[in-house]
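Next up: a single chain in structure tokens, the form predicted on its own.
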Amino acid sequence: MSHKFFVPGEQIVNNKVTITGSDVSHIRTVLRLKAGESIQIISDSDKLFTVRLVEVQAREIQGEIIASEKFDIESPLAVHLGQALTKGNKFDVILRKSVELGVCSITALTTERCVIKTHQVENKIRRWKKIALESCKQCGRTRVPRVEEGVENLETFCRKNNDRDLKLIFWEMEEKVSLKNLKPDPIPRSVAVLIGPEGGFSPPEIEKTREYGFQTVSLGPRILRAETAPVVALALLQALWGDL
């Protein structure tokens, strides 16, 4: 089986592939591949490319596409996650797991009960984009989920996602409605999801999201940790209407 690597679309031009970054060291020093040998390339398309290495240098590898085949493991359900800021490195963990579970976009949110403030995470956006890319490589996805450039408030997220097929806010105070109770018709192809911080959403925030058509949903009788809730929610959504 050939080794697979993710290469951004802009680094593939006229069947010529340029590989940079940490993958260069992996190909050269770990796999010890030489010019003339082949690897497989995943890009932001629905194709899997077989690439023959042409030049293997210290900082850059050049290759040429010699074959391609249909390859798309993206979920048919586009999930747009609005995740409230969390303490420590929890947001990093949530981001990695969300990418593995097929999320389409991730937006960091500031909410009433967030302990972390917006100015404390402005320099983390670049790192989050890198985490999304690395997670995408690890799980073999063909598209890198979008990490929004800034931290948004709840109303901005609701407004930007107003046209999704389904809009859900997971809330520990919801006791009657769970995902298994929902019977959307037709089957949703896009869903906006809101997950709160360690202290959850406040009642006024819940009412505000309801004004935008968001429905409160329970994740069961137990209180889940902030980093557990999005993983459970995404897994259930993919099992219901996605590809799990």
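Bear in mind that the values here come from a model prediction, so they are computed numbers and not experimental data. In this text, residue numbers run from 1 along the sequence as written.
Unshown form predicted in complex with a small molecule; subsequent notes refer to it.
Per the 4.5 Å heavy atom criterion, the small molecule in the model of the complex is contacted by stretch 191-199, the sole one of 207-215, 191-199, 42-50, 28-36.
When you look in the model of the complex, the only residue of A235, I12, I19, A229 with a non-hydrogen atom within 4.5 Å of the small molecule is A229. For the candidate set E172, E152, E100, E112, a heavy atom within 4.5 Å of the small molecule in the model of the complex is found for exactly one residue, namely E172. Using a 4.5 angstroms limit between non-hydrogen atoms, L179 is distant from the small molecule in the model of the complex. The small molecule is not drawn, but in the model of the complex it has a heavy atom within 4.5 Å of L224. Using a 4.5 Å cutoff between non-hydrogen atoms, I65 does not count as a contact of the small molecule in the model of the complex. When the small molecule is considered in the model of the complex, V56 lies well away from it, no heavy atom lying within 4.5 Å.
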